[in-house]
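A single chain, nothing else alongside it, follows as structure tokens in the form predicted on its own.
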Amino acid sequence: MLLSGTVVVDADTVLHGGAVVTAGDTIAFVGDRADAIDQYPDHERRSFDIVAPGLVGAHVHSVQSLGRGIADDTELLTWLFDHVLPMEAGMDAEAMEVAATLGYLECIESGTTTVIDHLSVNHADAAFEAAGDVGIRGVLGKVLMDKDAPDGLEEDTDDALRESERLIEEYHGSCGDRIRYAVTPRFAVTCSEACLRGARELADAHEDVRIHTHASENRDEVATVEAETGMRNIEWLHEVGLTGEDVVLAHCVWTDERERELLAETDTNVVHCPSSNMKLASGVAPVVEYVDRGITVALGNDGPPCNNTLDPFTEMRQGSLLAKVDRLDSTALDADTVLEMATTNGARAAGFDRLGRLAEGWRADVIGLTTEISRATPVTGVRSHLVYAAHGDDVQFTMVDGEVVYDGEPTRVDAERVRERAQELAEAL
């Protein structure tokens, strides 16, 4: 397929009058539109105002989609233990499948082509099947909780790790390597030392399996971990093996100097979730300092009950503006840095190579956007527009691995049926 328009190659390069040509699951050409037509005269042609790399949601909770709006204006631990976890405990396999499908549909409809998805304790198979059905690229993981968890969610440590291994064998590398696995402890508060160490051992036993957990999101969480272990959260995770280039830590709002040094020294990936952190009043993550230290920082929406949207463009805008007001510096976390967080940094956190920019030989994850709306007029800087003005509903086209999964409507799934069933299940829950 030949996709033409203003091509955003990456956070540094824009081609006006450009084109991207895909062949199978890879990009065969990036350059001038006329040259593309000359070299690929028989390719199907599509034209968009902006052609850009697919965005990466590096921390999402697709299966919480049925809980959108159920616990607004609530403190984090109350939100989690009194509302969201009981909801998850009450969901059967069908609810998990519908919720995950709804989440993935929202992602592809708004330009997210890759997710790192923190599922739930039960019925993880349903979400893996949903990801395969929708066609999204994902790093998914069953949640581990073996202590201090609500009824229906706390598991025996060995049973939870065995189930995780079964899921790795079943789904890791599936759908043409579009779907991978991350061992997924909920967070240190609900995971024993044996569970956390077991997560590291399990990830080490399988190639390209990552570790994905929450860390230092809230001051009460940090205090609880310190009271139990005598260490701050990141120090404890490091002690049990949960730092490193294969580890994805969501939030990292409350860290001290030593913890930031550990994150940098170990090449641990951090995911900034600005909308969630603001809505739950968790605090402002020191993202500028992380970036200055060379830490890979990606962007995530978190879940629909604490955001309440999976729109990646909203997250880019919020991330930049929050850093500016926090530091009283209008130059902090500029548009290009934020776009990099949402593309190549997210791809690095997810563990996929050749992903996050439009380049020959790279994976064909591409989105097309319109600017034929008042909010998008005039476009004086395309990368700035993507970060500060664009919305997810500007996306007209989403391609994953060279396959069109959204073209004004999802191509693989009956979205209307999913939305109707999601509404019914949400009301029942």
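All values derive from a computational prediction rather than experimental measurement. A residue's number is simply how far along the shown sequence it sits, counting from 1.
Separately, the form predicted in complex with another copy of the chain exists; it is not shown, and the next lines address it.
Q: Under a 4.5 angstroms heavy atom criterion, identify the one residue in M316, C195, A95, L76 near another copy of the chain in the predicted complex.
A: That would be L76.
Q: Have a look at D49, D393, E403, D32 for me and say which one sits with a heavy atom within 4.5 Å of another copy of the chain in the predicted complex.
A: If I apply the 4.5 Å criterion carefully, the residue I get is D393.
Q: Quick check for you: of 321-329, 203-211, 121-129, 224-232, which stretch puts a non-hydrogen atom within 4.5 Å of another copy of the chain in the predicted complex?
A: So the stretch in question is 321-329.
Q: Counting only non-hydrogen atoms and a 4.5 Å threshold, tell me whether S65, E106 and G283 all contact another copy of the chain in the predicted complex.
A: Every residue of the candidate spot has a heavy atom within 4.5 Å of another copy of the chain in the predicted complex.
Q: Would N277 count as touching another copy of the chain in the predicted complex under a 4.5 Å heavy atom rule?
A: Yes, N277 sits close enough to another copy of the chain in the predicted complex that at least one of its heavy atoms falls within 4.5 Å.
Q: So in the predicted complex, is another copy of the chain close enough to G69 to count as touching (4.5 Å, heavy atoms)?
A: Yes, G69 sits close enough to another copy of the chain in the predicted complex that at least one of its heavy atoms falls within 4.5 Å.
Q: Are any of the heavy atoms in P378 no more than 4.5 Å from a heavy atom of another copy of the chain in the predicted complex?
A: Residue-level check for P378: yes, a contact with another copy of the chain.
Q: Is A426 a contact residue for another copy of the chain in the predicted complex, using a 4.5 Å heavy atom cut-off?
A: Within the cut-off, so yes.
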